[in-house]
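Listed next as C-alpha cells is one chain, alone, in the form predicted on its own.
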Amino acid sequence: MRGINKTFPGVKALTSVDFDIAKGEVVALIGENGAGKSTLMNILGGVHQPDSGTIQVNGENVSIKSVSHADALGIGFVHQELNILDNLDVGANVFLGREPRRMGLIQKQIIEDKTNPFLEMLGLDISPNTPVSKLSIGQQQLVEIAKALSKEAKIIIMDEPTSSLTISETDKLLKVISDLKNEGISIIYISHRLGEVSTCADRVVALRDGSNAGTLTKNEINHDNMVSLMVGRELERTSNESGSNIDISKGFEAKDLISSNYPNCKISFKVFSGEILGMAGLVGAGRSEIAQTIFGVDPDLGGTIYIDGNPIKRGSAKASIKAGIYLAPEDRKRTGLITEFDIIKNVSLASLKNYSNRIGLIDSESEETTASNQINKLNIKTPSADTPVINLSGGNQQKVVLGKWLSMNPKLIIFDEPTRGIDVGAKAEIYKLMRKLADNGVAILMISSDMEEVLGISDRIAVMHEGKITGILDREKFSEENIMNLAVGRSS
C-alpha cells in the first residue's frame, strides 16, 4: 500500500500512509485509538475505498472494490467488532455465503465436518451446531478467526483478536499464528497488548494521527520503543499500589446470587467502598453473567444484593440505576451505546430526568455541557460532541460508555473488560480514573481477561470457574500462577 489517503466527514483519517507485508511475515500494526489502523485495514479488506493511493498484491496493481473481491485476492479479515450472525449456528457462520449444496439444499453434515478442524485448531471445544447466541464474546471472536482460516486466506488481518480472550486462549491463538506463518500465510496483527506484539511480530509498523510514525525491526521491538512511536511521549506504568481509602463497613455485597447461565451455583462476595475488586477467570466462567444479573438485565433467579448494608430492589436495570449500581458492558456496540445517536444523547440517556424541567422538556444546553466535560475528562477524540458515536473508533466508543455512567453518582460501578480495544495511552487514563473513583468511595468491580490489568490495579482478586468463585486473593498472594490455578478449578 503506497500513499493511501482517506477522509470521512469532518475527519482526515489517513494521510499518505505506506504499508507492506511479505509472504509468511507477521507485521504488527500499532497506534493509539483514532490513529487510522482500522481504516487502513478496512481499505485493504475492501470495506472502504481510498481517496487516493495504490495497492499491489503479489506485484499486481489492484483496486479492491468489495469484501468479496478481497476474499478472492486471498485477504481475510477478523474484525474488532464482531461480524457474525447470532441467529445462526457456528458452522453456518463459518461458511456463510459459501455453503456446500446439493440440488439446492445446504449440506449441513459437510459444513460440520469442514468446520470441526478449525475449531480444534483454535482449541474451541464446541459443536459446529451450537447457536452463536449461546457463546461468550470470546468464543464468538474465535468463530470469526475460524471463518477467516476456512477461506484459505494468504493474508489474514487480525484486528484486536485477543481483546476478549484470557491468557490461555491468547496463548493458543499465538501458537496458531506461528503455525500459519510457517505455512507461508501473512498475518497483519493489530493489538494494544504490546506483550503479544513482542511475542509474535517480525516487524512493527506504527501510525500516529493518520500518518506513518515509524517501523521497528524484530530486534528493536520492545515496550518502550513501541510506546514512543505510538504516542510520542513517556507513559506512567500501571500502578499496583493498593487503595488508601477502603472502608470495609460500606460498599456492595452479593449473597447467594444465582445467574441464569449457572442456575445451580450460588455466588457470594463483597466489594468494599473505595476498593477495586478484580474478577478473573477463563472465557465462559460466568463473570459477565454475574455482572448482568447484578445490574438487572439477566433474569433474577435468587439471592440478595446490598449497598451499604441495605437490601436493593432487584429485577431491572432501572432499579439498579436508582440504587447507584451501573454497568459498563463488555459488548459496547450492542449493549452499551446507541451508535446512531451522537455523544451528547448517549452520555445523557441513562439520566434524562437530570436534564428535564418540570414539564418534561430536555435542557439541551445542560446535556451538551455534561457531554463536553466527559469528552475532556476522558480525552475522547471526536470533532465535536454532536458527532454520531458510530463515526468514532472502538476505543473512543468505549470512553463514551464510561462517560455516560461517570456523569452520574455511582455507588458500585461494574467495568466488564474496561480497556477492551483501548490503546496504551487511554488505558493509563482509565486506570487513573478508576483509582480516583475508588479513592472517592466508589466500590468498583472490574472484570478483565487481561492478566497484567487484573494484577496491576486490583486491591483484591476474585477468580471464577464454571459459575463459582473458587477463591479470593489478597494482594500478598497475587500471581499469575495462583490466578490460573483458581481459574481451572484448582486451589492456589
Partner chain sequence: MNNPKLGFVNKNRRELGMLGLLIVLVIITSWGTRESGVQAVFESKFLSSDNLKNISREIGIYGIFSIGVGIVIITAGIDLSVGSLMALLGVVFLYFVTPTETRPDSFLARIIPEIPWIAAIFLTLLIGTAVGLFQGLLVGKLKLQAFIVTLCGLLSYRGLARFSADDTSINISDSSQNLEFLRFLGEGSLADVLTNGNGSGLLHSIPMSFIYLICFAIFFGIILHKSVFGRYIFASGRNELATKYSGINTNIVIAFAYVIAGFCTAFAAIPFCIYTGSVQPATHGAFFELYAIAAAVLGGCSLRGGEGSILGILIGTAILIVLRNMVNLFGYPTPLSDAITGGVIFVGVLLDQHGASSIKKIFKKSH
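Quick caveat: nothing in here was measured; it's all calculated off a predicted structure. Positions refer to the first chain, counted from 1.
Note that the form predicted in complex with the partner chain isn't included here; everything after this is about it.
Open item on the list: Given a 4.5 Å cut-off on heavy atoms, tell me which of 342-350, 170-178, 87-95, 153-161 is the interface stretch with the partner chain in the predicted complex.
Closed with: In short, 342-350.
Task: Any non-hydrogen atom of residue 292 within 4.5 angstroms of the partner chain in the predicted complex - done: Within the cut-off, so yes.
TODO: Consider residue 300 of the chain shown here, and say whether it contacts the partner chain in the predicted complex, taking contact as heavy atoms within 4.5 Å.
DONE: Looking in the predicted complex, residue contacts with the partner chain do not include residue 300, since no heavy atom lies within 4.5 Å.
Open item on the list: Taking the partner chain as it sits in the predicted complex, is residue 327 near enough to touch it, meaning that at least one heavy atom pair lies within 4.5 angstroms?
Closed with: Within the cut-off, so yes.
Open item on the list: I'd like to know if residue 381 sits close to the partner chain in the predicted complex, meaning any non-hydrogen atom pair within 4.5 angstroms.
Closed with: Close contact is absent here: in the predicted complex, residue 381 is far from the partner chain, nothing within 4.5 Å, heavy atoms only.
Open item on the list: Is it true that 21, 52 and 53, all three, sit within 4.5 Å of the partner chain in the predicted complex, judged by heavy atoms?
Closed with: Heavy-atom distance to the partner chain in the predicted complex: none of the three under 4.5 Å.
TODO: Select from the listed residues 367, 253, 71, 196 the one whose heavy atoms reach within 4.5 Å of the partner chain in the predicted complex.
DONE: Looking at the other structure, the residue within range turns out to be 367.
Open item on the list: Under a 4.5 angstroms heavy atom criterion, identify the one residue in 308, 386, 99, 209 near the partner chain in the predicted complex.
Closed with: When the partner chain is considered in the predicted complex, the option within 4.5 Å is 386.
Open item on the list: Under the 4.5 Å heavy atom criterion, name the residues of 388-416 that approach the partner chain in the predicted complex, in sequence order.
Closed with: Going through 388-416 in order - heavy atoms within 4.5 Å of the partner chain in the predicted complex - the hits are 404, 405.
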